[in-house]
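Form predicted on its own, single chain, as structure tokens, below.
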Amino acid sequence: MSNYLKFLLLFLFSSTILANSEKLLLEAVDKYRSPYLSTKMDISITAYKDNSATGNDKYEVYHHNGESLVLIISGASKGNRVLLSNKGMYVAVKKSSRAIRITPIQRLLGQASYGDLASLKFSDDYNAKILREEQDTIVLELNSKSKKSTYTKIHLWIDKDKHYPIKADAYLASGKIYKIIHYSLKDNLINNITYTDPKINNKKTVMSILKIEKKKLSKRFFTSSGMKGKI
């Protein structure tokens, strides 16, 4: 075997090992958002201006294997439902018989997008690579796998030892930073996610995970035709 062929095989083997390790890192991060394959989460989103609340809505989020169904429990859109499926994202207005297709990046409340609420696992929507290592953190670059992803690219800071998420910069397709995201943990799970616009200093939006439990819904709910069924 030539030296060139040996080098090529070693390079391919090393690249495969690195790609697998990056995927495992991202899956480890995901467990801090939801440790279950099938999950029900009670979530509250509050928008702030100058540290005073300007709006608050509550949601139930059912997630299974990369797909999510959101029930809007309070606020102006109470009774509406949102579906994030492998075929795209849809909103079903309470008094309408039709589900309307929307984009995950569309604003939900304050700085939070529909995709921020419905998409629970980075590893479902992004490919990861290690961008750099800092003193106590690893910075991952996440690139979207499909139009189902909320953002085109994310730079994600994670703890070097325990791999929990610390902060993220979310980018638009143009390459501009769209929002900055900070994570806080309680009992080894994310309990608050704070979204800010880098161009606006006096506004922020906080997503609070109030309750998380293992729960499975029938597959029929994760379709645009079945998303309005009685749960």
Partner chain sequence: MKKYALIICLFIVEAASAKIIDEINILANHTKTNLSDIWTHEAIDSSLQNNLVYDINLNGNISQLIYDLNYKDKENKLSINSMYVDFDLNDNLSFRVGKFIENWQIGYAFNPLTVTDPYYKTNSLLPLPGINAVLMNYNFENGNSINFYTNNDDNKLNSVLGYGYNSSAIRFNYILNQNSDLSIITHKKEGSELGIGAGVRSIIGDNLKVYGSFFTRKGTTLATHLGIVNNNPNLIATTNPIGQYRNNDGKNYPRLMLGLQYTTNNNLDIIIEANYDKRGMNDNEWDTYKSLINNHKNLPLPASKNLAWDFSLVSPRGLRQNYYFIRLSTPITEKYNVSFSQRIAKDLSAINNIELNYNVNDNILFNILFSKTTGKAQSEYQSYFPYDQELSVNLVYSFN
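The structure presented is a predicted model; accordingly, all values stated were derived computationally and were not measured. Residue numbers count along the first chain shown, from 1.
There is another form of the same protein, the form predicted in complex with its partner chain; it is not shown, and what comes next is about it.
Contact check for residue 74: a non-hydrogen atom falls within 4.5 Å of its partner chain in the predicted bound form. Among residues of the shown chain, residue 85 is one whose heavy atoms approach its partner chain to within 4.5 Å in the predicted bound form. Residue 90 belongs to the set of residues with a heavy atom inside 4.5 Å of its partner chain in the predicted bound form. Although the partner is absent here, residue 214 sits far enough away that none of its heavy atoms falls within 4.5 Å of its partner chain in the predicted bound form.
Figure note: of the listed segments 116-124, 130-138, 156-164, 95-103, the one touching its partner chain in the predicted bound form, with heavy atoms no more than 4.5 Å away, is 95-103. Taking its partner chain as positioned in the predicted bound form, none of the residues of 156-184 brings a heavy atom within 4.5 Å of it.
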